[in-house]
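Below sits a lone chain in structure tokens, taken as the form predicted on its own.
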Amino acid sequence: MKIVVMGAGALGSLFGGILASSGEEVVLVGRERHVDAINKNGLKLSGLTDAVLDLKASVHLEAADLILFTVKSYDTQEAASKLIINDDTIILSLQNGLGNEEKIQEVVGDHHVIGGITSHGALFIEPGHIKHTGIGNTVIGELDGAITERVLNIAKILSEAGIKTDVTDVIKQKIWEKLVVNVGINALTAITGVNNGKLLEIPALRELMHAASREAVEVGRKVGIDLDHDLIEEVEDVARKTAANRSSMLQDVSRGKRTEIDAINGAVVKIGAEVGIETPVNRILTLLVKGIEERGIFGGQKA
């Protein structure tokens, strides 16, 4: 199976590297400096995975059997419009936030797209070098809930490469569950500059983490997502297991880059307003992150 990673930043490069190391044909499509470094010296993975891999990287898209779609949420539609697909191409979104799969479907058609989540952690150290910072579950599924041969096959390929992957018939629920976790962790770490674990150690931040996640649960339930179990406990568990990690949103503001706040906390605010649920904590967190983006506090430049 030929696999193209669209948006090969930290996570995409990690997954692509692991798949290439298992013998899959992989092409990483990313930014020029990262691509040039990989083509010159190979892809270096450090941390929980330690390897230097010789694989193809390019700034140009190619046709593939499977496209791992790992671009930032705000680039989803533009990136989807550039994909080269055939009748059987499968696009697996492993992005943060809500609405990505639907945006891809609008461009390429419903039958090409499947959804996924992962709690693997990756840190972009420098062009050509990715640090694997956390190992967690990966779950994929058809957006209509069907258990299909193609999803089972992709899960098998990922699992055999070392990325343990389960198949679910409720991927939209799983995406919401991950959203609840990200809502509680990402914005707060981006605003305060702390690693994930500090949210549990500082009472004020822990209280805010709980409040933001509870709002997301309430909004999700209002739109018909089955979020019955105690997700607040899961939010804390993720923060605990990734205590030393810098969230992707903190990494973005640290580099003066645009964040995915609109697809995470901002999505909770937007959907909450549509269904009549007030979300004051997420609104404030969204506005604060947008202010940091605009001022470039951490990166020293505008995002």
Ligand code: KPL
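Just so you know, these numbers come straight off a predicted model, no measurement behind them. Residue positions are given as counts along the sequence shown, with the first one as 1.
Below, we turn to the form predicted in complex with the named molecule, even though it does not appear here.
Problem - Option from 61-69, 30-38, 243-251, 266-274 whose residues, in the predicted bound form, bring a heavy atom within 4.5 Å of the named molecule - result: Contact criterion met by 243-251 only.
Handout entry: Residue among I90, I185, I154, I175 with a heavy atom within 4.5 Å of the named molecule in the predicted bound form
Key = The option sitting close enough to the partner is I185.
Handout entry: Heavy atom within 4.5 Å of the named molecule in the predicted bound form - the one residue of T165, S119, Q105, T192 that qualifies
Key = None of the others qualify; the residue that does is S119.
Handout entry: Close approach of N96 to the named molecule in the predicted bound form, 4.5 Å, heavy atom
Key = Taking the distances in the predicted bound form, the answer for N96 is yes, it comes within 4.5 Å of the named molecule.
Problem - V238 within 4.5 Å of the named molecule in the predicted bound form, heavy atoms - result: Yes, V238 lies within 4.5 Å of the named molecule in the predicted bound form.
Handout entry: Interface membership of S213, the named molecule in the predicted bound form, 4.5 Å heavy atom rule
Key = Close contact is absent here: in the predicted bound form, S213 is far from the named molecule, nothing within 4.5 Å, heavy atoms only.
Handout entry: N196 within 4.5 Å of the named molecule in the predicted bound form, heavy atoms
Key = Answer yes; at least one heavy atom of N196 falls within 4.5 Å of the named molecule in the predicted bound form.
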